[in-house]
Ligand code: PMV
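One chain comes next, on its own, written as structure tokens: the form predicted on its own.
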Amino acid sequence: MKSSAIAHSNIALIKYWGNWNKVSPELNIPLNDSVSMTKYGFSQNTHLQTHTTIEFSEDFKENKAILNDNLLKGRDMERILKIINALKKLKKIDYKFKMISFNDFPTQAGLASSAAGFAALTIAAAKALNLDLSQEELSTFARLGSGSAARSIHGGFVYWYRGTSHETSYAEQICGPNNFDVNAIIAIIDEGKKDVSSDLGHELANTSIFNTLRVKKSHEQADEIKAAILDDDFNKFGTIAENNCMFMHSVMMTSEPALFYWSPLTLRVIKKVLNIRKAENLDCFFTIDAGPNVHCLCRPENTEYIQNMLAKIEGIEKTILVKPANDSYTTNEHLF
């Protein structure tokens, strides 16, 4: 009962921030629908992916999970068990497990490592347990570990329905990676672990006086950006994504206590993107998840030029080129 899987991180275009309080918080059901692009890094040997192997056996005496050579305990193990216990219940077995996982990009740095990690875990565990689940069903189980992991089950552009229950809060693909031409350049400002993890930050969302308005507007923008993707309207797509990003960070900054994921360099990158758009008449837009690093969205033909512009900003550690990824998948390359 052993399997391996590879999953990619995603960048939220319509953000997920805060969980719906009318159901159990264990379900990670969001306050609003969200939309994302699953990411494949194609520069500097960084593919923005997680490779996970898991094995279940009646011979194992305890559960063991290792990420990037570090033994996971406490909250990290609790999140893993939320997925594993739900899948084992479905299979009606109670074997212990061993899991080894590697990220090829920084963990908990605002680059959606948890999305890739829990998506890979879900796919590998379901395969090892010989469960025949659709991608939409897999997304509901991945969501238990990290809400955004629901979106990383799919490649391309993805819509996550808030829903009202475990079964109805799922993600589905809007279109494949080759159906909408967009790249991103990630300006890496800080690869270190952020002070407040996203799952803890979600608990503060409703302390901001602006969050109710953000949720209402995000529902509307999710439908609007889906239409822009299907219509190949890049300007509308980027404008909505940038606007929604500002909504989320406004909520973060006005929460109690306030969350400031940006650094001064983050703002410099934002201003550079705005300047490129205004002074050089190039369609490029920024979006930022829960961290300091900035994603610049652009058409593929402008990627190299914009990358060079961002790389010249003093203090930028590196840039990562990104395009839409394919679906997450199982692999025969086991880590143990």
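The shown structure was predicted, so the numbers you read here are calculated from the model rather than taken from an experiment. Numbering starts at 1 and follows the sequence shown.
The next section is about a form of this same protein that is not shown, the form predicted in complex with the ligand.
- Checked against the ligand in the predicted bound form, the candidates 211, 173, 266, 198 yield a single residue with a heavy atom inside 4.5 Å, and that residue is 198.
- Distance criterion of 4.5 Å from any heavy atom to the ligand in the predicted bound form singles out 202 from the list 202, 88, 226, 127.
- Of the candidate stretches 176 to 184, 139 to 147, 89 to 97, 161 to 169, only 139 to 147 has residues with heavy atoms within 4.5 Å of the ligand in the predicted bound form.
- Although the partner is absent from this view, residue 290 contacts the ligand in the predicted bound form, with a non-hydrogen atom inside 4.5 angstroms.
- The ligand is not drawn, but in the predicted bound form it has a heavy atom within 4.5 Å of residue 248.
- At a distance threshold of 4.5 angstroms between non-hydrogen atoms, residue 325 is out of contact with the ligand in the predicted bound form.
- In the predicted bound form, none of the heavy atoms of residue 101 sits within 4.5 Å of a heavy atom of the ligand.
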